[in-house]
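As a starting point, one isolated chain is supplied in structure tokens, in the form predicted alone.
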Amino acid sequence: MFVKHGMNSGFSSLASSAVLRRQQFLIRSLKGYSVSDNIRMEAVKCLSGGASLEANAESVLRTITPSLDPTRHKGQAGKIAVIGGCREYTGAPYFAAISALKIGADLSHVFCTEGAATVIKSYSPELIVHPILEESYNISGVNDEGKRDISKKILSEFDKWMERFDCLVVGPGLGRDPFLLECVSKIMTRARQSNVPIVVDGDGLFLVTNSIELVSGYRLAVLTPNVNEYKRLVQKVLGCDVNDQNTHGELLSLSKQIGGVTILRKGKFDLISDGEKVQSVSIYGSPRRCGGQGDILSGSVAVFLSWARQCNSAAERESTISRTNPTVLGCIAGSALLRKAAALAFEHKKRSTLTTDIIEHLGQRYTLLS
């Protein structure tokens, strides 16, 4: 079961031997150790000095993942849309979108600029690519009224697809062009009005940090900041610098201040909070920190979030799971699977491990868990 943030007296003895158990846990993870469904969550002492509860990630993975059923039709296992990709950045949206497919989503779309579309299409015929976004350099000679018309056209094109999606991933390879960000802001607002979950990463976090109202109070939103992105969020929302001595309290406060938005703080271990509790995923991954792993994570979280929402309505599922915020479940599952896939990739490729190697191991790691 999931326990709210905090340590009761029953966990005090566990905390005292945290260092030894932490070492044992990492050794088991490196060897591909698989934890059974019945193992309860273990309290661990986080390296930043705060107390957290380790999520039973493998149990979450098994519980929320839908079975492969021949009676289901295309689309029922998930339809994900990635909003990102410009002339400078084409890898990030591809990584997020293809990871969603590798995990088990049926359809994966990418909404990008025309300059990125052909490149992204060349990476894989599996992706559905929509070159509808525009950057300022492409419309430099257009007056303000013309720009408003272009913006309306972009939103209208996206509206045709909106109701088909189970989750949006906003930000991978988006860039920071002002006109492009303005259009994406309107897409996010429309998605929120339609109750479509949103996972925000990369340049989407730059947008949200400067326009926090886009996600404030929206409990179907997930933010996935790295160290620097988290620092900017804390400074913007809490008006202070990051406090490494109060990691969990600060994360709880940040999530509450943004109205219960779920935050997945990436790091040596991932911390997840929806403003009510803090969960930790500290499964050992890979010491190779190649770029693009955050994009895999955002695509993964999107799929698992959509599956967790389906799971919530299934009466036969475990009650403790069904009562848990689906955004939190999606973050736990996505974080765990990425870390295990990264460990497998590093085992084979060592220092030459690339993001594409990790993506190829997503299915293998998942098979071992099933």
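We number the residues from 1 along the sequence you see. Owing to the predicted nature of the structure, the values given are computational and were not obtained by experimental measurement.
Only in words, not in the display: the form predicted in complex with another copy of the chain, which the text now covers.
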Taking V208, R232 and G259 as the candidate spot, are all three within 4.5 angstroms of another copy of the chain in the model of the complex by heavy atoms? no
Partner absent here, but in the model of the complex, which of 272-280, 249-257, 143-151, 116-124 has residues with a heavy atom within 4.5 Å of another copy of the chain? 116-124
Single option in V196, L107, V242, I187 placed near another copy of the chain in the model of the complex, where near means a heavy atom within 4.5 Å: L107
Residue among M162, L238, I128, I212 with a heavy atom within 4.5 Å of another copy of the chain in the model of the complex: I128
Taking another copy of the chain as it sits in the model of the complex, is L181 in contact with it (heavy atom to heavy atom, 4.5 Å or less)? no
Examine R72 and determine whether its closest non-hydrogen atom to another copy of the chain in the model of the complex is within 4.5 angstroms. yes
Taking the shortest heavy atom distance, is I80 within 4.5 Å of another copy of the chain in the model of the complex? no
Closest heavy atom of I263 to another copy of the chain in the model of the complex, within 4.5 Å or not? no
